[in-house]
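Below, in structure tokens: the form predicted alone, a single chain.
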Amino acid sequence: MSTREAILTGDTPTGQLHLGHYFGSVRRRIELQETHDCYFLLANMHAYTTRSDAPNEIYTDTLEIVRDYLAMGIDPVKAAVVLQSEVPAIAELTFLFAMLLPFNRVMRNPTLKEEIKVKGLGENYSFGFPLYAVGQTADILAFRAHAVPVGEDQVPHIELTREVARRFNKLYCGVDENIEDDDPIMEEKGVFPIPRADVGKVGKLMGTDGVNKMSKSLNNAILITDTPKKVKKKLGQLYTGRQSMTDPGDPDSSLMQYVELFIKDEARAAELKDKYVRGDNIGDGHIKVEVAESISELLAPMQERRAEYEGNDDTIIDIIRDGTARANVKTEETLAMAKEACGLGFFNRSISFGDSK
């Protein structure tokens, strides 16, 4: 048994990953895979909450995300890439955890509310859509994760998970009501550690519209497969509100976030920001060109790695199969512990994960 802390995070297959994913979570995952037991979940069942009529697209998007993982630097030997739909413990824990959360509490989740608004769902969403918020708690707790690398918009999901873990431990494991989350007794006596949100240095990367968080659905994202020409074109659309090169610029604008993030030469980044803020005869277009060049320099090695896996679905599926088999060892153990604690542990069971290709 590993003595390292477990890390769980993942992505819903809605298309290729972009720079917002990289800076919001994936870059941190690359660091953590060296020091922790990392599980990176392909949340393909969650994709069905809004795209149940597009199973073929979800299948393809799932494979594309793995290619993006590999391109960005995820090592499938060091970290398990896990397919959600092939981890039965997650589904069972979702049903169990749904009993511990009032419906109104789930619907108060601000991230859920925002998704309903941004996706224009109104009242026309499936029952599975709010259920996925409960499912995310099962995603995390099935691996008894201690931390979850996320962007700041996902923190409410982690707080909901912390509530479930706390309630389960106190209701079924005899953990005293007054025990704090970080008290060792919580994990020693309970089934679940209380996971923390591990927010990256860039909590939210703004999109190329300069208004909203980077999102493929809003068409304001820079994909890791974008060519230098496409990156330059997308950056050219970034709105800042400045009218001329002598107008003082907003130091907190999206353009300045890009300068701080992508211009490697710190002295040059500071110079650009100083001139921009003072309106010292520097145009947005000039800065955008420099930023676009730096972004393309960052993307070039990712694109080279990704090209190695283009058109090779069998290799990608082998990576998923291996990671999921490793995940099932962990999650079946968790499920057995949870069922025993809450009175559902009538007898032991085992599952086999087919090795045939």
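Position 1 is the first residue in the sequence shown; the rest follow in order. Bear in mind that the values here come from a model prediction, so they are computed numbers and not experimental data.
Although it is not shown, the form predicted together with a small molecule is what the next lines describe.
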In this chain shown alone, the residue from 153, 181, 247, 114 with a heavy atom within 4.5 Å of the small molecule in the predicted complex is 153
The listed residue (213, 146, 234, 162) that reaches within 4.5 Å of the small molecule in the predicted complex by any heavy atom is 213
Exercise. Non-hydrogen atoms within 4.5 angstroms of the small molecule in the predicted complex: do 20, 25 and 202 all have one?
Worked result: yes
query = Does the small molecule come within 4.5 Å of any heavy atom of residue 334 in the predicted complex?
reply = no
Wondering, does residue 119 line up within 4.5 Å of the small molecule in the predicted complex on heavy atoms?
yes
Hey, in the predicted complex, is residue 281 touching the small molecule, heavy atoms inside 4.5 Å? no
Against the small molecule in the predicted complex, would residue 124 count as a contact residue? Criterion: heavy atoms within 4.5 Å. no
TL;DR on 213-221, 164-172, 184-192, 90-98: the one with heavy atoms within 4.5 Å of the small molecule in the predicted complex is 213-221
